[in-house]
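Coming up is one lone chain in structure tokens, specifically the form predicted alone.
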């Protein structure tokens, strides 16, 4: 049986800021985004602010109304990335199977490490102590035999805790939780389930899979398996990128988009991030682009299509994404959220044909790699495309990148 950990750094942004500003110990603190572009939205808060009722997503004036003494600190993502890498180095003392799930969360497969370092719970306790002693922040760690329950366990007790879900206790521990606590059960899916009387994870697990498929399509089968502890998704280590089916980013914008040019620029921003991640991988170039759209009425649209030639260029990806957007979106409502993903990779060997301008492509590739290096060193805002900078509403857009995960990835299919 596998031994899987899920680590979640507690109040991560706020915890890093407390390290950088020890004079703020004992005071309520909120880490906020740009006032100009996101109206000072709270991205993170420390425990004191949380206890006063401050929530992630509050506008700062709302947070101040709840907690008049709260101190605002602007987000510094380069600092958070440095701390995240330092914590990951601790994880890698115990296993090379470490898979990031955002800047502050990771899965670890310690199945092969137990003989050397003790059982999975013992390793989790060691990691928790090391992160606190060497980094100065706390981490909650979930322990289970699969990724879904390990994630569920890490959320159950915070901060600074280890929680274990086993084949012996998962019915009493996991099944008693609200259905929306299960990873990948979003608000829309939770509403559909609750309308049919399914409020707990245990009820989801015991619902016939055929019914769930009728209600939710193929997704119902996956959720039924997850609720029953049947997730077999591997923890992907570095060098195993070929198992990844797609790479993507998505964004819920701080204002609804009413103009196609705004959509085009946001698709370029998203494609820029996708392109950078694709170049970091060993996947080669992508053939297929997918675009996902959510409108202001929460209706969803999606379409995928082939690029003329395999590419990892942000411009190529964005051009294809915008064409797909124009094909599928009816503009009966404004645009609330956008996503771009790529798939069907060529592998590490570049494929050319007689129409490829090799010299121009090589120059563009070199330029984008240089931009990647500068952004890693100095932060994502050090260089922006002129097209984006021309629009003051978008030039400092604070993209919240997230992995776009496709159902076929869950079982390594």
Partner chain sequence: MEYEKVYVETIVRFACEGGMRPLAIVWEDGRRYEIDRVKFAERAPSRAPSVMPLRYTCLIGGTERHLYYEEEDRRWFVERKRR
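Note that this is a predicted model, so its numbers are computed, not measured. Residue numbers count along the first chain shown, from 1.
The same protein also has a form predicted together with the partner chain, omitted here; what follows describes it.
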{"property": "Residue 82, heavy atom within 4.5 angstroms of the partner chain in the model of the complex", "result": "yes"}
{"property": "Residue contact check: residue 86 to the partner chain in the model of the complex, 4.5 Å heavy atom", "result": "yes"}
{"property": "Contact flag, residue 324 vs the partner chain in the model of the complex, heavy atom cut 4.5 Å", "result": "no"}
{"property": "Contact flag, residue 16 vs the partner chain in the model of the complex, heavy atom cut 4.5 Å", "result": "yes"}
{"property": "Which of 303 to 311, 116 to 124, 261 to 269, 130 to 138 sits within 4.5 Å of the partner chain in the model of the complex, heavy atom basis", "result": "130 to 138"}
